[in-house]
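A single chain, nothing else alongside it, follows as structure tokens in the form predicted on its own.
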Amino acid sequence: MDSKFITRGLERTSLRNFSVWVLFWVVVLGFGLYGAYLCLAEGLNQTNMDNRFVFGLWIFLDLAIIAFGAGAFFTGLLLYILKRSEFTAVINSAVVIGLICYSGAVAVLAIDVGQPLRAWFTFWHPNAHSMLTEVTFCISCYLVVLAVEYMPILLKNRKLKERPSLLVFQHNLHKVIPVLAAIGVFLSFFHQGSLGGLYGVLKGRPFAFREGFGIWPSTFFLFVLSAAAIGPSFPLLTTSLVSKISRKKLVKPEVLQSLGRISGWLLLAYVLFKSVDTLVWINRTSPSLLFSPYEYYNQESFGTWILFAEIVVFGLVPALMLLTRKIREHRGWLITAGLLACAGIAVNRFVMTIQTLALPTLPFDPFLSYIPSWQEIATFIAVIAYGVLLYSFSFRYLTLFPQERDLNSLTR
């Protein structure tokens, strides 16, 4: 019965093996949901955040997975707007990943707010002067866009295609997908930027505060560029991981290499911009606020090593690797470079979220330490489990990789 829902010409593991896989992640999800329930039922005193350390693991998670979810809008930009047709091979997978990342981020934010039943206040009583208002509107709208983009993929299921009305609906949806992709690029540009701009305008936090261009601090553009830089890298990594687990060839090697090359150029641009921004902050911004920039790296937890790791180890090195043809053509090195690039953006989001709040801003302020509670970690794990489950069902019953059938038929 299960095989009737799997696309013709595609081989999948047995229902028994798939059920075991799903059961494991359902248990993990259940554990995470219990932690989330405690936070909602008992209050945010279940976490290790407080009035002074208001951003913790969850906000770091949100910033990181939203950056990873940039693969959806950037792949859509490449395919539908820049007409790079070779990326048809990964667009469906990118949309699913984007849907997982954005819906997971919204779910965690609902828990982080503490009173999700009042989430509608943001829309009904918006603070027009807050960057978070713009972020909320853009993320919510883009989540709707991703849900609509996911529908044509869902409707291609072999059983659903038997219904003529759904077939017509799917055909009409395909006509508006390029428009939705353009809207997605617009929404993603502004909310990625505003997430960074939020830190750049914190004049009371000299470590994060940045001068800007017009009304936008430099962190606005850094967040946009960094998200775009790993936009191709994250689908590259997920495709390689799924191919390894399923033991199937999913896309042609040239597609992954193209993703890597584009990611390399954007990452190099980000590293250069980030380096200039850091030098301006060291020599002008921080001293103008009467703080020596080196004071922020005197704490044992955050030495200058973290700055070096972010810009050089996880920035310049993977950029040069991805721009070197021989390295791109070696699958292992290509994946390594993609991992380093994604790790670099995760480090950047960690620094902006955790290091910014941990460092004292006044001479009499103490250095703040923060270790997430098990409830926070459980909620974090729940998002991962949810993502694995949604992607697993999508991979099994939908066509995420159009080249898969031809590539595997050639190897038989």
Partner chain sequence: MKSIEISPSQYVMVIDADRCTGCGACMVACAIENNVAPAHPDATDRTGVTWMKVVKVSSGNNGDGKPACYLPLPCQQCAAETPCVTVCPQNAVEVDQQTGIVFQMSQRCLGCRYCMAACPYHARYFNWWDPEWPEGMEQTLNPDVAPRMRGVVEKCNFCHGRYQAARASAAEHGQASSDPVTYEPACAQACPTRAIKFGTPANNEQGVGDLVHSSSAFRLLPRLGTEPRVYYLSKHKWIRQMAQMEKETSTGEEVHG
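Just so it is clear, the structure is predicted and the values come from calculations on it, not from any experiment. Residue numbers count along the first chain shown, from 1.
What comes next is about the form predicted in complex with its partner chain, which is not displayed.
Would you confirm whether the three residues Lys252, Phe393 and Thr399 all fall within 4.5 Å of its partner chain in the predicted complex, going by non-hydrogen atoms? No, the candidate spot makes no contact with its partner chain.
Only one of Leu29, Leu44, Ala64, Val351 has a non-hydrogen atom within 4.5 angstroms of its partner chain in the predicted complex; which is it? Comparing distances to its partner chain in the predicted complex, the residue within 4.5 Å is Leu44.
Identify, from the list Leu339, Met151, Val113, Val313, the residue with a heavy atom within 4.5 Å of its partner chain in the predicted complex. None of the others qualify; the residue that does is Val113.
* To do: Go through 223 to 231, 141 to 149, 285 to 293, 314 to 322 and give me the stretch that gets within 4.5 Å of its partner chain in the predicted complex, heavy atoms only.
  => It is the stretch 285 to 293.
| request: Determine whether any heavy atom of Ser301 comes within 4.5 Å of a heavy atom of its partner chain in the predicted complex, and answer yes or no. | output: Although its partner chain is absent here, Ser301 would stay clear of it in the predicted complex, with no heavy atoms inside 4.5 Å.
message: I'd like to know if Phe53 sits close to its partner chain in the predicted complex, meaning any non-hydrogen atom pair within 4.5 angstroms.
response: Output for Phe53 is yes: heavy atoms within 4.5 Å of its partner chain.
**Study point:** 4.5 Å heavy atom contact, Gly197 to its partner chain in the predicted complex
**Key:** Gly197: yes, in contact with its partner chain in the predicted complex.
In the predicted complex, does Val201 have a heavy atom within 4.5 Å of its partner chain?
Flag for Val201 set to yes.
**Request:** Any residue of 121 to 136 with a heavy atom within 4.5 Å of its partner chain in the predicted complex counts; write them all down in order.
**Result:** Contacting residues: Phe121, Thr122, His125, Pro126, Asn127, His129, Ser130, Met131, Leu132, Thr133.
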